[in-house]
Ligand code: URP
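Below sits a lone chain in structure tokens, taken as the form predicted alone.
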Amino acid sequence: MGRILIKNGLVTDDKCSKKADILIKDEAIEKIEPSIDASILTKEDRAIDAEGKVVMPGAIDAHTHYHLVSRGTVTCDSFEEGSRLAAFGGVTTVVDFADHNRGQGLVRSLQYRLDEMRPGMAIDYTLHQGVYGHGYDSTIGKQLEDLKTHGVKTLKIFTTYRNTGYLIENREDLLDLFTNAKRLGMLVTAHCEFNPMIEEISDNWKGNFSPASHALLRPAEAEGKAIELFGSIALEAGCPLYVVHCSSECGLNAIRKLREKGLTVYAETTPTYLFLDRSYLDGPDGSLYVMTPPLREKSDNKALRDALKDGEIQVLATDHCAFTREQKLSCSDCRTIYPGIPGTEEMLLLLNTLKDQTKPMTMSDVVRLVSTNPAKLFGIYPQKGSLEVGTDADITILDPKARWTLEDDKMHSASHYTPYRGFEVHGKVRTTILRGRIIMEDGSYYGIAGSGRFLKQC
């Protein structure tokens, strides 16, 4: 594989932007200098003129569900399709999820997921490992030790979905989990919706079950209450907490209170909760916008945008969980609509648009939210999420001046729709490079299924 020289770009990491050139050799960054003479290149090498473009570390979507088996079906974006749409969005790494399979311990569940992913992934990946109530027992400490030796240090837990066995109901079990996570230097990530509140609302519900009712059946108060619960346990164990897809001002306020008490809380949100509100659940296409947690009020959008600007949120991810338009619209009962929407491809573009609309956000803030911070939190930095000599040459070249409108037929998800249809976005990904190899350039895809690598977390 020949070298690649990226010339004249605005090289941007989480600290600053500067005009510089980058030389890539094999899979790594070999040089970053103010100017690198192109005469060093041979006929096997390649030069890319990035004049007027942002050259940044490859984006990381820290929350995806590709090829997820759910409710008797499977999400429509396979590992191959997920890799492809990610490349078009400038994403070179994802953090996907391994379920805690019934009848299997954590390591076997992890290995099952890796065996599924390995043949199809064309971008790099690591995993969060689910820890579910149905499989929780006294061996959890030893299981976590073994999981860590296999390269996974992030865990996923729920305070809802009792009917599926995901919920760990016993507070002592949760304290045991957090205490072991603290002992082993592992990070607990949490889906926060307080199950007793949700069940009480459901049991006493007198309304219909249209898509619009989803936001009432799973209110923001349930998110805030669950964050309080997990936070109290994390405080007792002295263990940090990572809140996935924070959707509301109520959730934000619960996070703030925990931080005031001295707990380290990392907050993640998604573009859905920044750009979409519950009005999208009305009308004939409302089923397309059903996800969990539900869409909230416009005031929640604003609160989350302000928190993002002010540095209260550490990671922007997507919770990409795509079903086809036909699958979504086949049902109008919010209890049984397939929950989830696409988003990986749109993530960087939407954040760059928000940056342009929100002062004083900078391109370094963008890099921090979708690259550097997730790499650091999930143990793959500086291999990923940086532009340092010797690290993986994962690079996204973004044209910041491009203006275009997101439409269903312009996206690459097998869902065949984008929830952001009609949004004008700032920026266009021109080139995506994974470990020194171009996998997308000017609208053409060059990814190779099976070439993606599992990244052990350290």
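Position 1 is the first residue in the sequence shown; the rest follow in order. Everything numeric in this text was worked out from a predicted model, so none of it was measured.
A second form of this protein, the form predicted in complex with this ligand, is not displayed here; the remarks below concern that form.
Although the partner is absent here, His426 sits far enough away that none of its heavy atoms falls within 4.5 Å of this ligand in the predicted bound form. By the criterion of a heavy atom within 4.5 Å, Leu110 is excluded from the residues contacting this ligand in the predicted bound form.
Mapping the unseen interface onto this chain, Val366 falls outside it, with no heavy atom inside 4.5 Å of this ligand in the predicted bound form. This ligand in the predicted bound form is not approached by Gly120, whose heavy atoms all lie more than 4.5 angstroms from it. Only one segment in the set 123 to 131, 256 to 264, 337 to 345, 367 to 375 has residues whose heavy atoms sit within 4.5 Å of this ligand in the predicted bound form; it is 337 to 345. Here the marked residues Tyr161, His245 and Met291 all reach this ligand in the predicted bound form, each with a heavy atom within 4.5 angstroms. Think of it this way: in the predicted bound form, this ligand has a heavy atom of just one of Lys225, Lys156, Arg296, Lys384 within 4.5 Å, and the residue is Lys156.
Though this ligand is absent from this view, in the predicted bound form it lies within 4.5 Å of a heavy atom of just one residue from Leu281, Ala317, Ile313, Cys321, which is Cys321. Contacts to this ligand in the predicted bound form (heavy atom within 4.5 Å) from stretch 45 to 69: His63, His65.
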